[in-house]
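Two separate entries follow, structure 1 and structure 2, each one form of the same protein chain as structure tokens.
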Structure 1
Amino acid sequence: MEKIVIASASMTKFTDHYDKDIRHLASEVIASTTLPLNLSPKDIDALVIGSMASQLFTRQGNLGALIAQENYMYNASAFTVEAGEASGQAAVRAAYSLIKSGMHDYALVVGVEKVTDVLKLPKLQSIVGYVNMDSRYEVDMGLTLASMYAMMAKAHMKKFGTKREQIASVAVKNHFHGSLNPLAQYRNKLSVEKVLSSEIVASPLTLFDTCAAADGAAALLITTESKAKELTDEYVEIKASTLAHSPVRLADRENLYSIPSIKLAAEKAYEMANVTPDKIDVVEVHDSYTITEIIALEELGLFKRGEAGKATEEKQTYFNSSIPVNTSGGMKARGYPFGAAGVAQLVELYLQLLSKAGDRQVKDAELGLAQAVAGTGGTSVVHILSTV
């Protein structure tokens, strides 16, 4: 069976793009992904858009057709994928499947979101809740993602003795990585004291335990190895692409300190790629809240349960340490345009595996894992990439 690869990747800076709408952001990364390969619009026969809530944010739906039209991709089967906050990586999985099936030659994945100058914060928070949580039994009852993750943080602290400072150290590490990424939204460094003293969002989590919304887009060109070789000698293999579910409602879970869908998707991915967690060289995980990253690392099997917080505090997850995590800065510092975030995770792995990550380059990186989640874990997606 022929290898499925990423032949090109790019992203915009994640920030407040006041001068660009959603189609302009998408078109920018389409050009920067395809032009270096001398691909024309007619060569792209599949366009998959990942966007969490474009209809609610910008009153624009059917992005697949719109963005295909804007970029003269008249031969492309174009559609949009929505899976809450995991929409970007879910779109990658859809594109991977299109190439794997043999139905298409070139699938372009674009993750995109336009948020910051079209919605005020209360409305934004409401939409994020309704898209990712159970609207009837959670959002309408007054729960928010912040309050849910606060409960999960307290449960983790009680069960494993995880310290508040250890949770805060996730933000410190991700901002350090973000300071090395020229496309990151926030390039300032943080201290544990700064995180702990910031405004409380939902105790014990504070403002600097959360990520901020941004505008932006990211893109990947997915094809077969034989097709990629006609275009470039720089590509990485998609070794695994998996998606799994947990109960959307947090109250229906067995406990509050784990996210079963991450574990299930990871187990499927390791089996598909025929690798074990100890072989992973670089990781991009969902860190919409600092506690999310800690739980994700444990569910992925990279640390035993209860040990990821301590490991982060001890700097084991820095880019130049044993298990580099969120070398891009993560959602916390790189920025969080919802639909683009999961695709950007894979852009970072692409750069790392091709030794193009600059000051944050992980030495001898050959195997990378990216994980995205919707809400508190109703959906999780995992991809494993490797050098070829």
Structure 2
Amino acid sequence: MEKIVIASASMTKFTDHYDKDIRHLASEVIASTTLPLNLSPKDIDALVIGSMASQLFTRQGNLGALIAQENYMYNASAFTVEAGEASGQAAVRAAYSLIKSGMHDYALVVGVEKVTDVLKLPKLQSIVGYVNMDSRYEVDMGLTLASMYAMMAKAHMKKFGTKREQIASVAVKNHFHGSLNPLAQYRNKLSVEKVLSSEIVASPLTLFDTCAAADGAAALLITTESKAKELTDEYVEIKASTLAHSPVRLADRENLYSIPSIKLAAEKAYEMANVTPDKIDVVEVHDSYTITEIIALEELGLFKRGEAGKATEEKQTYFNSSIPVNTSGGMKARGYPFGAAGVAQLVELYLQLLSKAGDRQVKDAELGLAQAVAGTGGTSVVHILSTV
């Protein structure tokens, strides 16, 4: 069977792009993804936009048509995929399906989010809550996504003896990786003390356990291997693309220290790719909160339950260690423009697998895994990429 590949990938810097609209961000990555292949946007027959809440952030819907218009892509089948915070990777999965089905030749995935038009944290908290949580039975009564992950962190600490410092060390590691990534929002290093002493958002999580607002876009060109070969010799294979769910309401879950949808999506992905977790060389996981990364690493089977915190503290997840995690800096340091961030996770794997990741290059990376989650686990998406 023909391999489905990523033939090109690019992203903008994730930061406050006050001078750019959502269409400008998208157009930039469309150009920087297609031009190196001598493709014109007009050659693209499918455009899949991953965006979480453009209607709420910038009062703009139907991004498929808008971005197609902006780039004269009137022949493309263009539409938006929304799956909360997992929108970016869900869009990748949709584009993958379009190629896999044989209906399209070139599918361009554009993850894009214009967040900083919303200037105030409380408004941002509100939008993130209403999009990703049960708005009627969680958000309306005052719960925030941060408070949910705060309770999950407490449960993890209680169940496994995970230390608060170990959770904070996720931010320290991701900021270190960010310092090596020129496109990262934050390139400063952090200390555990700094994380712990920053303002409380939802106890015990602090401001530095969370991500800041950022704008940005990221794009991937997905096609078949034979089509890719006509354009370039640099491409990576999509070995697996899976999506699964667990209850949106955290209260409906059996325990607070796990995210069942990640495990479900991961198991399907390992099966689809016919690999085992120990074969994975480089990982991009969802780190909207520091604890999210710890739980994700455990659900993905990369660490035993209760051991990811300690492993992070022991620097096992640095780019030059046994299991490199979020070498891009993750959502924490690379930046978190929701829909764009999920696509950027695959941009990072693309760079790593093609040995184009510069100072943060993982040695001999052949197999990469990316995972994204919406809210506390309503939706999880997993992709596995490999060199060819």
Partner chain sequence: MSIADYWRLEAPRFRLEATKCEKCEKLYFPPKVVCPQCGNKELKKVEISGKGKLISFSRIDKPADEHTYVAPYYVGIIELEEGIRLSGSLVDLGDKEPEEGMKVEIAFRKYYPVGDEGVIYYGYKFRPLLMSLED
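For numbering, take structure 1's sequence and count from 1. Between two forms, the rigid core is the largest collection of C-alphas that superpose within 1.5 Å. Residues that one form lacks are left out of the comparison. These figures come from a predicted structure and were not determined experimentally.
The form predicted in complex with the partner chain is structure 2, not structure 1. 117-120 is the only run of at least 3 consecutive shared residues whose C-alphas each shift by 2 Å or more between structure 1 and structure 2 once the core is superposed.
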